[in-house]
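Below you'll find only one chain, the form predicted on its own, shown as structure tokens.
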Amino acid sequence: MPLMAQETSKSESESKSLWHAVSPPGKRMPPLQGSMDIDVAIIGGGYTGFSTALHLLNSGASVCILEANTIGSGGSGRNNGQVIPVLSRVEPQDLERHYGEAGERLVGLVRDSAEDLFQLVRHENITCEAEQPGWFQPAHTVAHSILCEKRNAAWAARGAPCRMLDAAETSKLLGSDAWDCGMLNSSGGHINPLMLLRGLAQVCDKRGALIFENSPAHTIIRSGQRWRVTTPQGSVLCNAVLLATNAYSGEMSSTLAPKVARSIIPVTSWQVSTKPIDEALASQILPQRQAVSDTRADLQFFRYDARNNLISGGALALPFNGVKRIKNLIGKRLQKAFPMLGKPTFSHVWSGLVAITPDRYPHFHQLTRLLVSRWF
């Protein structure tokens, strides 16, 4: 799913994000003050940070989470909310060929990721407007129809619950004739991303995690056989550190993990929300409420939220006059795909950074190797 880094002003970004407008407020956490001793320190209070924290807590470890701003101010709380069980550019056979046995395990992780998320939401009773009607990837050209068929065959051969839809099925699913075919994965869907993140934080809080907001990590240094993470007002001595900062890796401190920060390409992505679509019109456009993102490099993507707002978005090559230009761009796209929609009216527009790796493969960095050479 597209991940948004926060905008310059937290209050400004929250006022523009649909999710901050419609979600109940989360519990505010204090900044870290003074020193503490813990098993694992997690830098970054997003999905990666809190998912890892939950697994560690369930195994009996003590955990603290250091969030530079507030929970949900970054990508995990501001993205489109689509739950997509594939990688954007890398096929399962590429992972297996590139990583061997580890690649096979990664394929299984990606294949089951959407179902695992919805099961977690149900198991932990997290209220986050979760819907699991499936995720659909329509092909935007004949060449991409062939790619879609190959992708579907590859994932289906590895146990994914996916199938190809022909032109008639695609038109019925979308309420549009703008695409000819596509791959439907029934495990996908969509959530309110901010409510999901705050729900994960609440679960971790109840199980004993120490959560600190407004506590940007400035340095990670070796302290004997352990690690010390410093913040403006405190420090954490720990056995292990997880850097879970994604597009934030170089934002708060240029010295925190510069090699990690340089390993990603930040790209600004925009999200827009229409005003609620009435039921009669919604029964014609995405009548089964799937999450949709097509095969373009600059994705055309859209889905409903719980209020029948149609959520879409895109990218701009240049940032100037962004709000007006993205409204115009996405408005034209939606109107072309769904003529019955007319000229859409947008209630919320927000933007942020997507962290992309140059080769589009997932990257896992071992901080020990990156950091020890700097200090010894």
Ligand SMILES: Cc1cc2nc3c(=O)[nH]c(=O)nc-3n(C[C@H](O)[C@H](O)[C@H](O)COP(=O)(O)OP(=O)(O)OC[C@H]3O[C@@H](n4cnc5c(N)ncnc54)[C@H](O)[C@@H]3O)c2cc1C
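The numbering used is simple: start at 1 and walk along the sequence shown. In this text the structure is predicted, and so the values were computed from the model without any measurement.
The next section is about a form of this same protein that is not shown, the form predicted in complex with the ligand.
- For the options Y248, F136, F302, W179, the residue carrying a heavy atom within 4.5 angstroms of the ligand in the model of the complex is Y248.
- This chain appears without its partner; in the model of the complex, the one residue of N185, N79, T274, Q132 with a heavy atom within 4.5 Å of the ligand is N79.
- Judged against the ligand in the model of the complex with a 4.5 angstroms heavy atom cut-off, the residues C64, L210 and S235 are out of contact without exception.
- Although the partner is absent here, S73 sits close enough that one of its heavy atoms falls within 4.5 Å of the ligand in the model of the complex.
- Shown alone here, L18 lies farther than 4.5 Å from the ligand in the model of the complex, counting heavy atoms only.
- Contact between L310 and the ligand in the model of the complex is not found at the 4.5 Å heavy atom cutoff.
- Within 4.5 Å of any heavy atom of the ligand in the model of the complex lies no heavy atom of I330.
- In plain terms, the part of the chain that comes close to the ligand in the model of the complex, with a heavy atom within 4.5 Å, is 80 to 88 out of 106 to 114, 144 to 152, 201 to 209, 80 to 88.
- Residues I43, G44, G45, G46, Y47, T48, G49 of 38 to 65 are found to place at least one heavy atom within 4.5 Å of the ligand in the model of the complex.
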